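Heads up, the chain below is alone and in the form predicted on its own; it's given as structure tokens.
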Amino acid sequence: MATDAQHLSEVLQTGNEATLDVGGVSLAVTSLDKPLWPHRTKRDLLLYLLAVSQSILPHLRSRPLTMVRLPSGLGGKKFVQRHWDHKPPEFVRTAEIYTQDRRRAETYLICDNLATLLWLGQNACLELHTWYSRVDAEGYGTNFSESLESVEASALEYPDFMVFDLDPGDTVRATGDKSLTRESFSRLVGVAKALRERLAVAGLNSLIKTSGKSGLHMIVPIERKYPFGWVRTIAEEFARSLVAENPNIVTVETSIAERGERVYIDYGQNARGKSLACVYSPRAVPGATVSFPIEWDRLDAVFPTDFDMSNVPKLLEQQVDKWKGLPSERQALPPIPS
């Protein structure tokens, strides 16, 4: 059995099934030839996850997962899975978290190691979405399972990031084409830059990545001392101030029908239990595109479809991973306006 990344890769590239030795864990992988995307198989997914594992794992660790599973590929049924109803392998870390909708604790998966990452690939998890808060204590409580009140008083109530999810305007009525256009993406980039400038005036550094689909995700690393309600209020202030100055370009309107071609800033993502596609996660779309970090000075030169499972590993080899230290970066938020 293979014991390192190179050997694991070699084993994965032969046969329709294999047994991998991943850090002493014996992991069976099957149906490797099964198509999950057009022209891409489960083998391709596992090879991709192995290739980017050192980059993606720091962003997955300690964070409850939401998984998008397509066991039969894009043409089959899609499962958006927040809870895991069966007993996972011993090497998979879990957390029992009280959920208000079910009024009981449910099992959430946490990806802390390579074996878990590859096991998720074996289970056809085409997308990995993470919470913005972690189960690590750092001075906070870790009673997540007793009640809603226990979760609200726990470490999960204190995120590491403030998030802005930016979506392009609806050009369908104007063009009849649901795909993202260069024009609509250019407007999206302009709004992202304007929001970045507002954050910078407040002393806040922001990072940006493609969503892997048509949008952009702006991430503002923050000190882990603000509850979600505080973070959401501050995010709303930034978003609404931008809308006030650019009402024909930007909106916070949740109704898609009311947005028109305006760029939508979703500040409501800043809530416990919400999640975004993890950086370097593939997406369940035909091109097997990937959520990829972008340097601000290169934002005008890229397009979301530029980054996919075939080229991201090589890109990570060729350039410095600017998001490598993100999990430990901290910034103070301004006070909530009175």
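Numbering starts at 1 and follows the sequence shown. What you see is a predicted model, and the numbers here were worked out from it, not measured in a lab.
One more form of this protein exists, namely the form predicted together with the DNA; it is left out here, but the text below deals with it.
Checking Asn123, Asn246, Asn205, Thr142 against the DNA in the predicted complex, a heavy atom within 4.5 Å turns up for just one residue: Asn123. Interface residue among Trp230, Phe185, Tyr264, Tyr158, judged by heavy atoms within 4.5 Å of the DNA in the predicted complex: Tyr264.
Of the candidate stretches 272 to 280, 51 to 59, 306 to 314, 287 to 295, only 272 to 280 has residues whose heavy atoms lie within 4.5 Å of the DNA in the predicted complex. Using a 4.5 angstroms heavy atom cutoff to the DNA in the predicted complex, all of Ser31, Lys42 and Pro71 count as contacting. With a 4.5 Å cutoff on heavy atoms, Glu90 does not count as touching the DNA in the predicted complex; it lies far away. At the 4.5 Å threshold, heavy atoms of Val201 stay clear of the DNA in the predicted complex, well away from it. Under a 4.5 angstroms non-hydrogen atom cutoff, the DNA in the predicted complex lacks Glu127 among its neighbouring residues. Proximity of Ser241 to the DNA in the predicted complex: non-hydrogen atoms within 4.5 Å are absent; the residue sits far from the partner. Looking at 79 to 100, the residues that come within 4.5 Å of the DNA in the predicted complex, counting any heavy atom, are Phe79, Val80, Gln81, Arg82, His83, Asp85, His86, Thr99, Gln100.
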